[in-house]
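The chain below stands alone and is given in structure tokens; this is the form predicted alone.
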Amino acid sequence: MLKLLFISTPVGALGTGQGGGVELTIQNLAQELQKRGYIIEVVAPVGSVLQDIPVTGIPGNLQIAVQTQGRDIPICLSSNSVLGNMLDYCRQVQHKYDLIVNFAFDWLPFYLTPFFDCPIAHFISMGSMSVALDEIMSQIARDYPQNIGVYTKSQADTFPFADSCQILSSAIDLSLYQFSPHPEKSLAWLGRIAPEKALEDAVAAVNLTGTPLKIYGKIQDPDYWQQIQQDFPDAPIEYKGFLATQDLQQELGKCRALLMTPRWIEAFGNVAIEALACGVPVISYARGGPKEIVKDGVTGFLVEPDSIEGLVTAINQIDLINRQDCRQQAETEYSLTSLGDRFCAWFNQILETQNQ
């Protein structure tokens, strides 16, 4: 059976929420592959925690998240970089593994790909963010056309190498999410609290409808969060913090719907399938990954991007959605078994190409 070395995101320790949806992807994929007999080691910033998965914590200074910077930002690596330290460790132990799987959305692992003896599969967790990163990823896609994976076609289409991308989607452990047929009045918003997520649009919409909104997630940009509270002092919102899956699904299941308001091209949107698994309809801007997940009028509503009025209309119609249909979509399309099948096929394709 294959031995795999995972390179985690370098922007935060696993379990903190700082890495966004890719944290859940790493946990779920490692869990499914380990169940199939694969040997998995995850290399991540020190302090990282995964359930029942071996993690090697690497010290060093965290990388700045690329989505918080401009498209023309130069390549930067801090002193004692945790990313550099992680890759140095991987270089030292690479002979023990059949394949390295890189989840770090950063320039360095792509640049170093030709210098490793062990093949590297790159799973890209975001859409196009910077010119320099697009250039190095394009080079690797040209030289290793089988080695690039993404969540969705919408995400792939942001890159010049879209035709080389393997579309792998995402999944969750459905056994951890309980179907909740009888919601309370509140809506939910879930994710990193940062400008590209446009939480202010969701707040503006509930301010107009008077519907309570519970907000879950990591406050990545405190100034941004403070500005929202100042702009909407009387909005019916409540911040509930960053919750572990067990607590989150219990809270989420009580909500009438999940609001998703991405300002950017969301690569996937794991929070959407978490909501569906609980029977919670999703109201989302028709942009990026969520546009490929939500079945408009069946498991939620797709709204014209950046339209507060559209969000309000959807909120007022949300009780038309059958919550059982939401759970059924999650079970049919987003099981860990299906995710494992897709990734295993991708890995085998890479290794067969490598051995030719």
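Values in this document were obtained by computation on a predicted structure and should not be read as measured data. Note that residue numbering begins at 1 and tracks the sequence as displayed.
There is another form of this protein, the form predicted together with a small molecule, and it is not shown here; the text below is about that form.
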Quiz item: Does Asn147 reach the small molecule in the predicted complex, with heavy atoms at most 4.5 Å apart?
Solution: no
Quiz item: in the predicted complex, does Val271 have a heavy atom within 4.5 Å of the small molecule?
Solution: yes
Quiz item: Hey, in the predicted complex, is Arg192 touching the small molecule, heavy atoms inside 4.5 Å?
Solution: yes
Self-check item: Contact of His122 with the small molecule in the predicted complex (heavy atom, 4.5 Å)
Solution: no
Quiz item: Can you pick the stretch from 138-146, 260-268, 223-231, 103-111 whose heavy atoms fall within 4.5 Å of the small molecule in the predicted complex?
Solution: 260-268
Practice problem: Look at the candidate spot formed by Gly20, Leu24 and Gly241 and say whether the small molecule comes within 4.5 Å of a heavy atom in all three of them in the predicted complex. | Solution: yes
Quiz item: Met86, Ala277, Leu248, Val206: which sits within 4.5 Å of the small molecule in the predicted complex by any heavy atom?
Solution: Leu248
Quiz prompt | The single option of Gly217, Pro281, Gly127, Gly253 touching the small molecule in the predicted complex, heavy atom within 4.5 Å | solution = Gly217
